[in-house]
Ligand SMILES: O=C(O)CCC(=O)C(=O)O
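Next up: just one chain, as structure tokens, the form predicted on its own.
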């Protein structure tokens, strides 16, 4: 499932591309099951601890967390935290189902079309449950490069946004601004809505051209790391589930073969991986096939080394968002 010349041209010119049906429903069932098991384990434990009366075990995938949230918001937030995992942002799960998503052959074929034969995967993947009526789940305008070190600004890191359920304006699909990626990285502010980085709307040219990307489950929205995007309210009664994965070529700064202890405050940032705090791993390499991670247990081991090792991850020195700044939007 390589990308066609016209699809590649669209991606490069407009900063995004929607490719339908990269994943079949059967391909996504294992990750849905894995997420459902995390929810069940957390809810059952809360019930045993006397913190939750109902666990809604028979609810559908897109319904259960929403039902928990309506029933008991505090308990549901704890279940939500179990999904987010150790790093607190949805990348904690590193089981076989996630590894199969990351190295899904049709997806890697599309990635190869964009960045070439040498493919490095990033542990900066995220599981995204957008709860109905939870304003914290809104993500303000940002670029993924806002979260990476500045010496990586000229490199391509591809984000793949994959809905596990059909997504619409009503349940909080992504919005993007076509053609806005040619200007590089915009100024971001820390402490934006929900604690995320945020670009002021005034700083984004052509923001009036923002478009919602409504998609069927299993399609992939490919984004450059400098394509501004956001997502807003889920006004339905179901959870909008999605996953985002990231890929780069071997020439892009990465931490393959390094350990968390190699990252110290004294180390020059220009020698660091784009996102030092989480493990990168080789997924395809004709030149060094011995480096390819092809085993789910090895994937999990690499992931846990960085989760538990606390690598120094300096980030950027963005300015905090103030009440005055927000009012100037």
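Quick caveat, the model's predicted, so the values are computed rather than measured. Residue numbers count along the first chain shown, from 1.
Omitted here: the form predicted in complex with the ligand. The next part is about that form.
Note on contacts: among 134, 118, 244, 198, the single residue with a heavy atom within 4.5 Å of the ligand in the predicted complex is 244. Checked against the ligand in the predicted complex, the residues 181, 238, 104, 142 give one hit for a heavy atom within 4.5 Å, which is 142. At the 4.5 Å threshold, heavy atoms of residue 161 reach the ligand in the predicted complex. Of the heavy atoms in residue 188, none are within 4.5 Å of the ligand in the predicted complex. Although the partner is absent here, residue 231 lies within 4.5 Å of the ligand in the predicted complex, judged by heavy atoms. None of the heavy atoms of residue 213 is located within 4.5 Å of the ligand in the predicted complex.
None of 109 to 117, 91 to 99, 67 to 75, 244 to 252 except one has non-hydrogen atoms within 4.5 angstroms of the ligand in the predicted complex; the exception is 244 to 252. Taking the ligand as positioned in the predicted complex, the only residue of 170 to 196 that brings a heavy atom within 4.5 Å of it is 174.
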